[in-house]
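One chain comes next, on its own, written out as structure tokens in the form predicted alone.
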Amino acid sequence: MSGFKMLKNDEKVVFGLRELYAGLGYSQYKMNKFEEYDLYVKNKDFLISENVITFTDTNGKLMALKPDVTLSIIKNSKDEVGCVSKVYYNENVYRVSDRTHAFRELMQVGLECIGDLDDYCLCEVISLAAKSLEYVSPDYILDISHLGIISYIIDALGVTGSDRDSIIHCIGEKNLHDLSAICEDLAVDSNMSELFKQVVSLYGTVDSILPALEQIAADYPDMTAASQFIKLCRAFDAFGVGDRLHIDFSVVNDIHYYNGLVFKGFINGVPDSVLSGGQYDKLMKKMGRRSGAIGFAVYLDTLERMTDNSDRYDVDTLLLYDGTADLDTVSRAVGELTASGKSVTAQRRIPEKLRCREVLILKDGEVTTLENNA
């Protein structure tokens, strides 16, 4: 247990999430550090960053250090009717960091559920996303949307090309002013325009938003996505996560690759999302697969921004001993401290920049306390 306490925050999360996913039958997916560059060129819009580290292999092929895990999982998946493949991963990816604007090796944890998906699969992944956030911090929110509803309205507006992209951008920014201006410029149906603004404005807990969604589903019975979303939202309580889910239609991800459920997770103390995911059947189709897919990733680099005083120490106890101390005495003192659940480093002098909760001095076989150096 004391060894676990010494792990860094992101390392603790990795171990905890692996146990969470394995408990529901997700097997670990392992991959190489690099793939053929062509895989990323064909799907560059799907990547968080288009910048990729490349090198030429001995056979002349252009290779790339992997900036993404999902693409590799899809590439190596198979379509099996009636079957679902459930995998999780904790892999290093290599991409430009939003914080440093330089390439970094970043640990990423996540899971993918690929195959003949049903509503249970969708709810299970959403619940695991919520429980992943809860493992990091009990103070979290999972914002969830359904792109089928957004796509229905955009299709009904008859908007295409750059105008469609502008509308999607406005949705992501919750920019109702510009959204209204675009609809007026395009002379779209006023009723549908008002519906659009109503949907984009919706935000709140599942229970608070469901009545409005139910009314929309009743007014537009051919909007099957609304009915499916309502059904799934009602089921989330059974998975124990309903009270932490917020409906937010500004969560759109990339509508060219994603469809159906999309979601982002936030924890108090971190300004950006620490989890992102959704259904990506469109990406599967683009890569020649017939199966459905849903997954998410937890971005551990964002957890560095958390302020957690319990993790600001490298070790609980620094035990200082001098050259006169015999091995048995030092070993016994260290053993007694570790047996009490403390992490200990035994040193002859205080190391530079070491952070510890307490400093103890071993002299003449006796342990005394020095003022905490934290």
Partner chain sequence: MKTMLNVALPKGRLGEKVYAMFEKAGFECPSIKENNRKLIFENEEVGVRYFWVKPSDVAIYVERGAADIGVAGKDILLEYRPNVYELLDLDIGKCRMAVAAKAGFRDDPQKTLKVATKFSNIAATYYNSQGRDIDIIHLNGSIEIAPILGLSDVIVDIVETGTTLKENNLEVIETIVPISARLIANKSGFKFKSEQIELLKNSLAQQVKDKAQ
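Numbering follows the first chain given and starts at 1. Computed from a prediction, not measured in an experiment: that's the story for all the values here.
There is another form of this protein, the form predicted in complex with its partner chain, and it is not shown here; the text below is about that form.
- When its partner chain is considered in the predicted complex, F103 lies well away from it, no heavy atom lying within 4.5 Å.
- Contact annotation for N175: at least one heavy atom lies within 4.5 Å of its partner chain in the predicted complex.
- The closest heavy atom approach of D143 to its partner chain in the predicted complex falls within 4.5 Å.
- When its partner chain is considered in the predicted complex, T302 lies well away from it, no heavy atom lying within 4.5 Å.
- Between the options L117, I182, I216, I267, the residue in contact with its partner chain in the predicted complex by a heavy atom within 4.5 angstroms is I267.
- Note on the partner interface in the predicted complex: the residue among D139, D237, E80, D163 having a heavy atom within 4.5 angstroms of its partner chain is D139.
- Across the options 153-161, 186-194, 247-255, 87-95, residues that bring heavy atoms within 4.5 Å of its partner chain in the predicted complex belong to 247-255.
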